[in-house]
Ligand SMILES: CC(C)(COP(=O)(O)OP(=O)(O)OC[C@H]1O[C@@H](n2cnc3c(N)ncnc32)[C@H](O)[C@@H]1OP(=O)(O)O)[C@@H](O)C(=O)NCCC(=O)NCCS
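The form predicted alone is given below as one chain in structure tokens.
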Amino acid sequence: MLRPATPGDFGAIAALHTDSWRRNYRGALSDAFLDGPIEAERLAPWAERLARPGDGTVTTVAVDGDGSITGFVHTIFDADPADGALLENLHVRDSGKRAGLGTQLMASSAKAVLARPSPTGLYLTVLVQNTAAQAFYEARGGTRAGEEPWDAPDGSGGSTLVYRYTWPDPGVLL
């Protein structure tokens, strides 16, 4: 089941975000960061984002039968003049992958963009090394529209490359 995120969800979202980064961002972020302070680093922004809903963003969570959060998507409207809304985060619990949750969450993001008074396109960035996610986005009609640097949030001062995927018409995700 999908539902809007609430302020009380920030801890579960941060924990899922942390787990996803630990599983998928090795080599892009330092091991010291991934094995250490990442969880605390993820708590603060999620607490802040969910404390002020309706500020040009939407966060949706997927929950299982007992109410546990199994995935989430965070979309920032009007993030880019050319590509539109940024699907900034899409994470699914590792045990829940290949069950359609990622597809449902992407559709939720697309619906939110299309429901706006002036709908835009949708885009996201994905680490160059995350080939599984790239295949997922391409299977959902995403077009690789270039690459750009991503400043690592691990305090290392380094950066890595990400690919930009775009959906000029988010309706293809429905």
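Since the structure is predicted, the reported quantities are computational estimates derived from the model, not experimental observations. Residue positions are given as counts along the sequence shown, with the first one as 1.
One more form of this protein should be noted, the form predicted together with the named molecule, which is absent from this view; the next part is about it.
> Choose from 42 to 50, 56 to 64, 142 to 150, 120 to 128 the stretch whose residues reach within 4.5 Å of the named molecule in the predicted complex, heavy atoms counted.
One stretch meets the cut-off, namely 120 to 128.
> Give a yes or no for residue 34: in the predicted complex, does one of its heavy atoms lie within 4.5 Å of a heavy atom belonging to the named molecule?
Residue 34: no, not in contact with the named molecule in the predicted complex.
> Against the named molecule in the predicted complex, would residue 133 count as a contact residue? Criterion: heavy atoms within 4.5 Å.
Close contact exists here: in the predicted complex, residue 133 approaches the named molecule to within 4.5 Å, heavy atoms only.
> Although the named molecule is absent from this view, report whether residue 74 comes within 4.5 Å of it in the predicted complex, heavy atoms only.
Residue 74: no contact with the named molecule in the predicted complex.
> Quick one: does residue 25 come within 4.5 Å of the named molecule in the predicted complex, counting heavy atoms only?
It does: once the named molecule is placed as it appears in the predicted complex, residue 25 has a heavy atom within 4.5 Å of it.
> Does the named molecule come within 4.5 Å of a heavy atom in each of 20, 90 and 100 in the predicted complex?
Verified in the predicted complex; spot residues all in contact, yes.
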